[in-house]
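Coming up is one lone chain in structure tokens, specifically the form predicted alone.
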């Protein structure tokens, strides 16, 4: 990052002398060791180092942006930035880049071993996880158990944020990502299950436990088929609950979506919007969760905040821009999709406070329902209305507390606010970290299932 720091100082001076009102630099350096696997064969690893630099500049209330992958000649970047700002439409709400970004949130997001793992250690980690994933199936005597495809990557990400108002922040965080698909064959029947693991640090015991559990679950899905359409009780495992919440619910708490009419929670602060059993927080300080960070993508210090307390909407998530528009304090939630993007208010880590019960205890109580282990297409849900749409790829039909048959190819629908209000049965205490969501299992009644 040394070159980036020097570049930013020259960019700021040159941009202001060129006539820009203010300028901001956001840079990300990633250094990752990556292995891939296909049909049980581990391919030669690669080391990937990437720089992504976004520069935004304001000319009055006109804001433009440029990007580069390498520190380039300053004058050329400034010329491009000036042209971009001059040709951009005015933003009547523009009030500048952040000035007061708060103190430091001492988040422990860096792990030396995870950041500096050798290729040999990464191969060993992948082989060990794959072995644990296949172990239950091999013990049951299946005809074939292979890792059909997958990837594992481990390394570090360094973020630099600076602007002409004096903001200057640098943070380094580690990360590990593993995605493996186990494919099984038994006679003429096939089954598969995907292991997904993303953390700030490598925890071998946790990887072993998760791999073995997903391997056991893979044995449940031979001869899966749809069920009939209708209303079912649905038990969402933590991983599926996380996907649904992030797709259908989380964007509604963004101040930008509220301001621009894309959230059903507009003017609802202080109202009960979910069941009293639901409490949600934004917590950037969970050491292992991938969303943990000391500051957001504008350099504003992150902090833990209660977003929903016993069903009542308490806190809007803000970037610096939206906080100025709404006359509020920034909350440290300005996150970018790309280095040149305007930061959008989003959760760092979405936390569902635990209730009581677990996946197993919920199953025992269900008279007729589906336990959902994997879905695809949840991104097709509509957060502007709260409508859910997700296709179940791995589910189990349960009757009178007993598993009846594996299920796939049905679509889960309904409105997230209704499902998490009058239809909510229980929120479990079996909390899991799933990427940047921390959630237990969730039991909902009368869910629309479109089957055959």
Partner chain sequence: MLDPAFVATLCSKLNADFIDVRIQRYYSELVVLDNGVVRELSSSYINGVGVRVVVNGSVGYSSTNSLEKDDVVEAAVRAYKIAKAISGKSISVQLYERPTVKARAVSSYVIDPENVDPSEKVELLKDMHREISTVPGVVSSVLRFGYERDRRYYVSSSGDSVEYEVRMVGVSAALVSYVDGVYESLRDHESNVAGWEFIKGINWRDWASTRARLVIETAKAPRVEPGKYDAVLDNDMVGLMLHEAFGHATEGDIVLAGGSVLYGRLGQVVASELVSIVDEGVVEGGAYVPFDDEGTPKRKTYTVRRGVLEGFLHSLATARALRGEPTGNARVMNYRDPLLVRQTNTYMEPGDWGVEEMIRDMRRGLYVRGRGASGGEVNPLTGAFTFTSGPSYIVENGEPVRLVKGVMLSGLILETLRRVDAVGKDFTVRTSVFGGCGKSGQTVRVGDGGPHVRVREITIGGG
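Residue numbers count along the first chain shown, from 1. Keep in mind that what you see is a predicted model, and the values were worked out from it rather than measured.
One more form of this protein exists, namely the form predicted together with the partner chain; it is left out here, but the text below deals with it.
Taken together, the three residues 38, 266 and 342 all lie with some non-hydrogen atom within 4.5 angstroms of the partner chain in the predicted complex. Screening 130-138, 178-186, 277-285, 98-106 for residues having heavy atoms within 4.5 Å of the partner chain in the predicted complex returns a single hit, 178-186.
The contact with the partner chain in the predicted complex, taken as any heavy atom within 4.5 Å, belongs to 151 out of 171, 151, 312, 210.
Residue in contact with the partner chain in the predicted complex (any heavy atom within 4.5 Å), chosen from 142, 359, 326, 146: 146. Using a 4.5 Å cutoff between non-hydrogen atoms, residue 450 counts as a contact of the partner chain in the predicted complex.
By the criterion of a heavy atom within 4.5 Å, residue 321 is counted among the residues contacting the partner chain in the predicted complex.
Not displayed here, the partner chain is kept clear of residue 303 by more than 4.5 Å at the level of heavy atoms in the predicted complex. Contact annotation: residue 123 falls within 4.5 Å of the partner chain in the predicted complex, judged by heavy atom distances.
Residues of 82-100 placing a heavy atom within 4.5 Å of the partner chain in the predicted complex, in sequence order: 83, 84, 87, 88, 89, 91, 92, 93.
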